[in-house]
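Here's a solo chain for you in C-alpha coordinates, the form predicted alone.
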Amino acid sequence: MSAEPIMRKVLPTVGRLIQTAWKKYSFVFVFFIILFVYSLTIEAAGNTFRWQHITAILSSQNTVIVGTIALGMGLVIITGQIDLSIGSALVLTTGATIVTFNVTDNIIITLLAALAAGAIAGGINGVLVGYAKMPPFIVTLGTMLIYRSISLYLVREISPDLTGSSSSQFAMLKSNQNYEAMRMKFGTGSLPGLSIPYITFVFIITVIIFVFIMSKTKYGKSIYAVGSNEKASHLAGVNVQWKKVSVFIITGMLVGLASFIQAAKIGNITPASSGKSYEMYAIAAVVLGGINMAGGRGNILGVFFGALSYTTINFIIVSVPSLSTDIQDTFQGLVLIIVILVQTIGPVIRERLQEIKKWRH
(Lines give C-alpha, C1' and ligand atoms only; values in the text may rest on other atoms or scores of the structure.)
Protein backbone atom coordinates (compact mmCIF):
# COMPACT_ATOMS: atom_id res chain seq x y z
CA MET A 1 0.00 0.00 0.00
CA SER A 2 1.34 3.45 -0.92
CA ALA A 3 1.89 6.16 1.65
CA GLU A 4 -0.68 8.53 0.13
CA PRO A 5 -3.86 6.57 1.13
CA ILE A 6 -2.43 6.07 4.62
CA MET A 7 -1.79 9.80 4.97
CA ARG A 8 -5.34 10.54 3.83
CA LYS A 9 -6.64 8.41 6.69
CA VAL A 10 -4.13 9.52 9.32
CA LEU A 11 -4.14 13.28 8.74
CA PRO A 12 -7.89 13.80 9.37
CA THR A 13 -7.63 11.70 12.56
CA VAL A 14 -4.66 13.70 13.79
CA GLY A 15 -6.48 16.91 12.90
CA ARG A 16 -9.54 15.87 14.92
CA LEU A 17 -7.36 14.93 17.90
CA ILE A 18 -5.61 18.32 17.80
CA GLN A 19 -8.96 20.09 17.45
CA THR A 20 -10.38 18.18 20.45
CA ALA A 21 -7.27 18.85 22.53
CA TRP A 22 -7.38 22.54 21.67
CA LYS A 23 -11.07 22.76 22.53
CA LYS A 24 -10.60 21.13 25.95
CA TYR A 25 -7.14 22.38 26.91
CA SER A 26 -6.55 25.53 24.89
CA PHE A 27 -5.27 27.24 28.05
CA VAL A 28 -2.30 24.83 28.14
CA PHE A 29 -1.36 25.63 24.52
CA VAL A 30 -1.79 29.35 25.19
CA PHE A 31 0.57 29.18 28.17
CA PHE A 32 3.30 27.36 26.26
CA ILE A 33 2.98 29.79 23.35
CA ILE A 34 3.39 32.72 25.76
CA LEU A 35 6.28 30.92 27.49
CA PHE A 36 7.97 30.41 24.11
CA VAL A 37 7.63 34.13 23.36
CA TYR A 38 9.15 34.89 26.78
CA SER A 39 12.12 32.62 26.04
CA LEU A 40 12.68 34.50 22.76
CA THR A 41 12.70 37.86 24.57
CA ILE A 42 15.22 36.49 27.06
CA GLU A 43 17.45 35.24 24.24
CA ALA A 44 17.05 38.54 22.34
CA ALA A 45 18.31 40.39 25.42
CA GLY A 46 21.52 38.34 25.26
CA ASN A 47 20.68 35.92 28.08
CA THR A 48 20.02 32.19 28.15
CA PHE A 49 16.56 30.91 29.04
CA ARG A 50 17.05 28.73 32.12
CA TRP A 51 15.10 26.70 34.67
CA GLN A 52 15.41 29.70 37.02
CA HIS A 53 13.13 31.69 34.71
CA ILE A 54 10.42 29.03 35.08
CA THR A 55 10.78 28.87 38.88
CA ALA A 56 10.53 32.67 38.94
CA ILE A 57 7.16 32.37 37.20
CA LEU A 58 6.03 29.64 39.60
CA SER A 59 7.04 31.60 42.70
CA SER A 60 5.86 35.01 41.54
CA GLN A 61 3.36 36.89 43.66
CA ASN A 62 1.09 37.14 40.61
CA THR A 63 1.12 33.37 40.24
CA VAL A 64 0.75 32.18 43.83
CA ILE A 65 -1.20 34.92 45.60
CA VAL A 66 -3.29 36.22 42.70
CA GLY A 67 -3.66 32.66 41.36
CA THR A 68 -5.09 31.44 44.69
CA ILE A 69 -7.60 34.29 44.68
CA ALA A 70 -8.36 33.64 40.99
CA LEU A 71 -9.53 30.10 41.85
CA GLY A 72 -12.31 31.68 43.89
CA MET A 73 -13.02 34.21 41.17
CA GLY A 74 -13.34 31.28 38.76
CA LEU A 75 -16.08 29.73 40.89
CA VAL A 76 -17.91 33.05 41.15
CA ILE A 77 -17.72 33.64 37.39
CA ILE A 78 -18.87 30.09 36.60
CA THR A 79 -22.05 30.85 38.57
CA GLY A 80 -22.51 33.97 36.40
CA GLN A 81 -21.43 36.49 39.05
CA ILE A 82 -18.45 38.76 39.74
CA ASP A 83 -16.41 39.78 42.81
CA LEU A 84 -14.66 43.15 42.73
CA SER A 85 -13.78 43.16 46.44
CA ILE A 86 -11.04 40.50 46.55
CA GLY A 87 -8.11 42.95 46.43
CA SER A 88 -9.46 44.95 49.35
CA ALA A 89 -10.51 41.76 51.16
CA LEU A 90 -6.92 40.52 50.80
CA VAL A 91 -5.64 43.67 52.53
CA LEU A 92 -8.16 43.37 55.38
CA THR A 93 -7.62 39.64 55.94
CA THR A 94 -3.83 39.98 55.74
CA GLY A 95 -4.03 42.69 58.37
CA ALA A 96 -6.06 40.33 60.58
CA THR A 97 -3.61 37.51 59.83
CA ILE A 98 -0.55 39.56 60.79
CA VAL A 99 -2.16 40.95 63.97
CA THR A 100 -3.14 37.41 64.99
CA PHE A 101 0.44 36.21 64.47
CA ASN A 102 1.86 39.16 66.40
CA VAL A 103 -0.47 38.47 69.34
CA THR A 104 -0.41 34.64 69.46
CA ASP A 105 2.96 33.76 67.87
CA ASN A 106 1.17 30.60 66.69
CA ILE A 107 1.23 29.55 63.03
CA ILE A 108 -1.84 27.27 63.18
CA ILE A 109 -4.00 29.87 64.92
CA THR A 110 -2.78 32.45 62.40
CA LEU A 111 -3.84 30.23 59.48
CA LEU A 112 -7.27 29.59 61.04
CA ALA A 113 -7.72 33.32 61.66
CA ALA A 114 -6.85 34.05 58.03
CA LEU A 115 -9.40 31.53 56.74
CA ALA A 116 -12.07 32.76 59.18
CA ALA A 117 -11.53 36.45 58.32
CA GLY A 118 -11.71 35.63 54.62
CA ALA A 119 -14.86 33.53 55.07
CA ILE A 120 -16.57 36.41 56.91
CA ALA A 121 -15.62 38.93 54.21
CA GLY A 122 -16.81 36.56 51.47
CA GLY A 123 -19.91 35.60 53.44
CA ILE A 124 -21.05 39.25 53.63
CA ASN A 125 -20.89 39.43 49.83
CA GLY A 126 -22.65 36.08 49.48
CA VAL A 127 -25.57 36.90 51.81
CA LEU A 128 -26.22 40.23 50.10
CA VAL A 129 -26.07 38.65 46.64
CA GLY A 130 -27.70 35.28 47.34
CA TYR A 131 -30.39 36.09 49.90
CA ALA A 132 -30.90 39.85 49.53
CA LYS A 133 -30.74 39.35 45.74
CA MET A 134 -28.61 42.44 45.18
CA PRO A 135 -26.50 42.73 41.99
CA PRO A 136 -23.03 41.22 42.67
CA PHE A 137 -21.32 44.04 40.79
CA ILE A 138 -22.82 46.68 43.10
CA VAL A 139 -22.38 44.65 46.29
CA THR A 140 -18.72 43.84 45.71
CA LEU A 141 -18.00 47.36 44.47
CA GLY A 142 -19.33 48.61 47.80
CA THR A 143 -17.42 46.09 49.91
CA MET A 144 -14.28 46.84 47.90
CA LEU A 145 -14.43 50.40 49.26
CA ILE A 146 -15.50 49.30 52.75
CA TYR A 147 -12.82 46.63 53.30
CA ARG A 148 -9.95 48.89 52.25
CA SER A 149 -11.17 51.86 54.28
CA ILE A 150 -11.53 49.65 57.38
CA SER A 151 -7.95 48.44 56.83
CA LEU A 152 -6.70 52.03 56.57
CA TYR A 153 -8.55 52.99 59.74
CA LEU A 154 -7.35 50.00 61.76
CA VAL A 155 -3.68 50.32 60.79
CA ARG A 156 -3.69 53.90 62.06
CA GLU A 157 -5.74 53.31 65.20
CA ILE A 158 -4.35 49.99 66.48
CA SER A 159 -1.22 50.03 68.63
CA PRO A 160 2.09 49.43 66.78
CA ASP A 161 2.64 46.56 69.21
CA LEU A 162 -0.19 44.76 67.37
CA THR A 163 0.32 46.01 63.82
CA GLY A 164 4.05 45.40 64.15
CA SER A 165 4.92 48.60 62.30
CA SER A 166 4.15 52.28 61.87
CA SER A 167 0.74 53.72 61.08
CA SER A 168 1.03 52.82 57.40
CA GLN A 169 1.34 49.03 57.27
CA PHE A 170 0.81 45.74 59.07
CA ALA A 171 4.07 43.83 59.58
CA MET A 172 5.00 40.56 61.28
CA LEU A 173 7.03 40.96 64.46
CA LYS A 174 10.54 39.63 63.89
CA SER A 175 10.89 39.18 67.65
CA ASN A 176 8.26 36.41 67.64
CA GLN A 177 9.67 32.93 68.16
CA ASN A 178 7.92 31.47 65.09
CA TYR A 179 8.86 34.31 62.73
CA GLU A 180 11.80 32.35 61.35
CA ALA A 181 9.69 29.23 60.70
CA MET A 182 6.81 31.06 59.00
CA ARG A 183 8.61 33.81 57.12
CA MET A 184 12.05 32.46 56.29
CA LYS A 185 11.52 28.70 56.07
CA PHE A 186 7.97 28.47 54.66
CA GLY A 187 7.38 31.87 53.06
CA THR A 188 10.66 32.18 51.16
CA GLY A 189 11.94 28.59 51.38
CA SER A 190 12.17 26.17 48.46
CA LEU A 191 12.22 22.45 47.91
CA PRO A 192 15.89 21.37 47.86
CA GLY A 193 17.16 20.49 44.41
CA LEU A 194 14.25 21.87 42.37
CA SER A 195 14.28 25.43 43.78
CA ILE A 196 10.47 25.43 43.70
CA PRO A 197 9.05 27.41 46.65
CA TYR A 198 6.91 25.71 49.28
CA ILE A 199 4.15 28.25 48.70
CA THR A 200 3.99 27.14 45.06
CA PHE A 201 3.24 23.60 46.23
CA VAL A 202 0.46 24.98 48.45
CA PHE A 203 -1.01 26.66 45.37
CA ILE A 204 -0.71 23.49 43.26
CA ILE A 205 -2.36 21.36 45.97
CA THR A 206 -5.18 23.90 46.23
CA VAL A 207 -5.67 23.73 42.46
CA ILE A 208 -5.83 19.91 42.55
CA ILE A 209 -8.45 20.01 45.33
CA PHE A 210 -10.69 22.39 43.40
CA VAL A 211 -10.26 20.54 40.11
CA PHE A 212 -11.52 17.43 41.93
CA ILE A 213 -14.42 19.31 43.56
CA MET A 214 -15.58 20.90 40.32
CA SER A 215 -15.22 17.80 38.14
CA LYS A 216 -16.06 14.89 40.44
CA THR A 217 -18.53 16.09 43.06
CA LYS A 218 -22.24 16.85 43.03
CA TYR A 219 -21.49 20.30 44.44
CA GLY A 220 -19.17 21.17 41.57
CA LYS A 221 -21.69 20.04 38.95
CA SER A 222 -24.42 22.10 40.62
CA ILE A 223 -22.19 25.20 40.39
CA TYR A 224 -21.95 24.72 36.62
CA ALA A 225 -25.71 24.12 36.47
CA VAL A 226 -26.47 27.40 38.27
CA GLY A 227 -24.24 29.30 35.86
CA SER A 228 -25.72 27.60 32.79
CA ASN A 229 -29.39 27.98 33.66
CA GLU A 230 -30.44 29.29 37.04
CA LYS A 231 -34.17 28.66 36.60
CA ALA A 232 -33.70 25.10 35.34
CA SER A 233 -31.35 24.41 38.27
CA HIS A 234 -33.99 25.63 40.72
CA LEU A 235 -36.63 23.41 39.11
CA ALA A 236 -34.21 20.48 39.34
CA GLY A 237 -34.00 20.92 43.11
CA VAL A 238 -30.73 22.87 43.38
CA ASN A 239 -30.65 25.43 46.20
CA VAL A 240 -29.56 28.27 43.93
CA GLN A 241 -29.41 30.92 46.65
CA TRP A 242 -27.12 28.85 48.87
CA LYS A 243 -24.87 27.93 45.94
CA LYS A 244 -24.40 31.63 45.21
CA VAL A 245 -23.62 32.33 48.86
CA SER A 246 -21.25 29.36 49.09
CA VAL A 247 -19.02 30.39 46.18
CA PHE A 248 -18.47 33.79 47.81
CA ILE A 249 -17.63 32.14 51.14
CA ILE A 250 -15.18 29.77 49.40
CA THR A 251 -13.67 32.73 47.54
CA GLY A 252 -13.25 34.50 50.88
CA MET A 253 -11.49 31.47 52.36
CA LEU A 254 -9.16 31.38 49.35
CA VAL A 255 -8.48 35.08 49.92
CA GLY A 256 -7.68 34.11 53.52
CA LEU A 257 -5.25 31.45 52.33
CA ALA A 258 -3.68 34.02 49.99
CA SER A 259 -3.37 36.44 52.92
CA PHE A 260 -1.53 33.78 54.92
CA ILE A 261 0.83 33.29 51.96
CA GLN A 262 1.20 37.08 51.64
CA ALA A 263 2.18 37.33 55.31
CA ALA A 264 4.64 34.45 55.00
CA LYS A 265 6.18 35.54 51.70
CA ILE A 266 6.24 39.34 52.02
CA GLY A 267 5.94 39.78 55.78
CA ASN A 268 3.82 42.93 55.58
CA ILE A 269 0.99 44.66 53.75
CA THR A 270 0.25 48.35 53.12
CA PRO A 271 -3.51 49.09 53.08
CA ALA A 272 -3.10 52.26 51.01
CA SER A 273 -1.48 50.51 48.03
CA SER A 274 -1.37 46.72 48.38
CA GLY A 275 -3.85 44.54 46.53
CA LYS A 276 -4.92 47.27 44.11
CA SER A 277 -6.16 45.91 40.75
CA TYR A 278 -5.90 42.34 42.06
CA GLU A 279 -9.53 41.80 41.09
CA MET A 280 -8.60 42.68 37.51
CA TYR A 281 -5.55 40.41 37.60
CA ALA A 282 -7.70 37.56 38.93
CA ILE A 283 -10.28 38.11 36.19
CA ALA A 284 -7.46 38.12 33.64
CA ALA A 285 -6.16 34.78 34.96
CA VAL A 286 -9.69 33.33 34.81
CA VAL A 287 -10.25 34.54 31.25
CA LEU A 288 -6.82 33.35 30.07
CA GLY A 289 -7.73 30.02 31.67
CA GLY A 290 -10.67 29.66 29.30
CA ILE A 291 -13.54 30.18 31.75
CA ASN A 292 -16.44 31.88 30.01
CA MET A 293 -17.44 35.23 31.49
CA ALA A 294 -21.10 34.46 30.78
CA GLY A 295 -20.92 31.60 33.31
CA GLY A 296 -21.65 27.89 33.20
CA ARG A 297 -18.57 26.84 31.21
CA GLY A 298 -14.87 26.43 31.87
CA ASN A 299 -12.27 24.16 33.42
CA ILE A 300 -11.02 25.28 36.84
CA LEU A 301 -7.61 23.80 35.92
CA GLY A 302 -7.42 26.60 33.38
CA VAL A 303 -7.10 29.14 36.20
CA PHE A 304 -3.72 27.62 37.11
CA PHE A 305 -2.42 28.01 33.57
CA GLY A 306 -4.16 31.39 33.28
CA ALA A 307 -2.24 32.65 36.32
CA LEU A 308 1.01 31.32 34.84
CA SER A 309 0.20 32.95 31.49
CA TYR A 310 -0.60 36.31 33.06
CA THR A 311 2.60 36.28 35.11
CA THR A 312 4.63 35.35 32.01
CA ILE A 313 3.04 38.21 30.06
CA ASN A 314 4.17 40.58 32.83
CA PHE A 315 7.68 39.15 32.63
CA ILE A 316 7.72 39.63 28.85
CA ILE A 317 6.73 43.27 29.23
CA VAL A 318 9.38 43.86 31.91
CA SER A 319 12.07 42.13 29.83
CA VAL A 320 11.61 44.52 26.89
CA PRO A 321 13.82 47.54 27.78
CA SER A 322 12.17 49.88 25.28
CA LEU A 323 8.76 49.57 26.98
CA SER A 324 8.02 52.15 29.65
CA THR A 325 6.55 50.90 32.91
CA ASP A 326 3.75 53.42 32.39
CA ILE A 327 2.52 51.48 29.35
CA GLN A 328 2.51 48.01 30.95
CA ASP A 329 -1.15 48.11 31.92
CA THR A 330 -2.02 48.90 28.30
CA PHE A 331 -0.61 45.57 27.12
CA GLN A 332 -2.24 43.71 30.00
CA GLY A 333 -5.58 45.30 29.15
CA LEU A 334 -5.18 44.51 25.45
CA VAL A 335 -4.51 40.84 26.24
CA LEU A 336 -7.65 40.70 28.38
CA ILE A 337 -9.80 42.32 25.67
CA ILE A 338 -8.40 40.07 22.93
CA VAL A 339 -9.03 36.88 24.92
CA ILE A 340 -12.62 37.90 25.72
CA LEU A 341 -13.12 38.88 22.07
CA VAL A 342 -11.97 35.40 21.00
CA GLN A 343 -14.39 33.88 23.53
CA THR A 344 -17.20 36.00 22.13
CA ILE A 345 -16.67 35.62 18.38
CA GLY A 346 -15.32 32.04 18.48
CA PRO A 347 -18.74 30.35 18.85
CA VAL A 348 -20.19 32.68 16.21
CA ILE A 349 -17.47 31.74 13.71
CA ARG A 350 -17.98 28.01 14.43
CA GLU A 351 -21.74 28.36 13.83
CA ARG A 352 -21.16 30.14 10.52
CA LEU A 353 -18.67 27.47 9.41
CA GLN A 354 -21.15 24.71 10.28
CA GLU A 355 -23.88 26.50 8.33
CA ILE A 356 -21.58 26.80 5.30
CA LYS A 357 -20.65 23.13 5.60
CA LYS A 358 -24.33 22.07 5.70
CA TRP A 359 -25.13 24.35 2.76
CA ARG A 360 -22.37 22.77 0.65
CA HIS A 361 -23.69 19.30 1.39
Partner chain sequence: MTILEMEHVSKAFGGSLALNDVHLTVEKGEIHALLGENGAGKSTLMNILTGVVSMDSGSIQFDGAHFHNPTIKQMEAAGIAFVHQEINVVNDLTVFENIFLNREIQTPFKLLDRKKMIASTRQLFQELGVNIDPLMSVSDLKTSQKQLLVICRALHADAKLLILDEPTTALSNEEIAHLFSILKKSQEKDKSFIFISHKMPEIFELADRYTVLRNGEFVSTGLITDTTPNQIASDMVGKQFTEGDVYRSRTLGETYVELDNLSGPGFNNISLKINRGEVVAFTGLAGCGASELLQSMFGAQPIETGSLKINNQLIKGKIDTFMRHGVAMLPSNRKENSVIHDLNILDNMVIAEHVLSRRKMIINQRQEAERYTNQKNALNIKSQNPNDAITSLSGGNQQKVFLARWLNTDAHLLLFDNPTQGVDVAAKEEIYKLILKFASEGKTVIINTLEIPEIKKVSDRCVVFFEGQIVRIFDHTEISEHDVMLYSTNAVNTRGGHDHVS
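Positions refer to the first chain, counted from 1. What you are looking at is a predicted structure, and each value in this text was computed from that prediction instead of being measured.
Same protein, other form: the form predicted together with the partner chain, not shown, and the subject of what follows.
Of the residues 145, 109, 181, 232, just one reaches the partner chain in the predicted complex with a heavy atom at 4.5 Å or closer; this is 232. Only one of 236, 141, 134, 103 lies close to the partner chain in the predicted complex, with a heavy atom inside 4.5 Å, and it is 236.
In the predicted complex, the partner chain sits within 4.5 Å of a heavy atom of residue 225. Shown alone here, residue 174 lies farther than 4.5 Å from the partner chain in the predicted complex, counting heavy atoms only.
With a 4.5 Å cutoff on heavy atoms, residue 212 counts as touching the partner chain in the predicted complex. Taking non-hydrogen atoms only, residue 50 never approaches the partner chain to within 4.5 angstroms in the predicted complex. The stretch in contact with the partner chain in the predicted complex, judged by heavy atoms within 4.5 Å, is 291 to 299, chosen from 307 to 315, 58 to 66, 332 to 340, 291 to 299.
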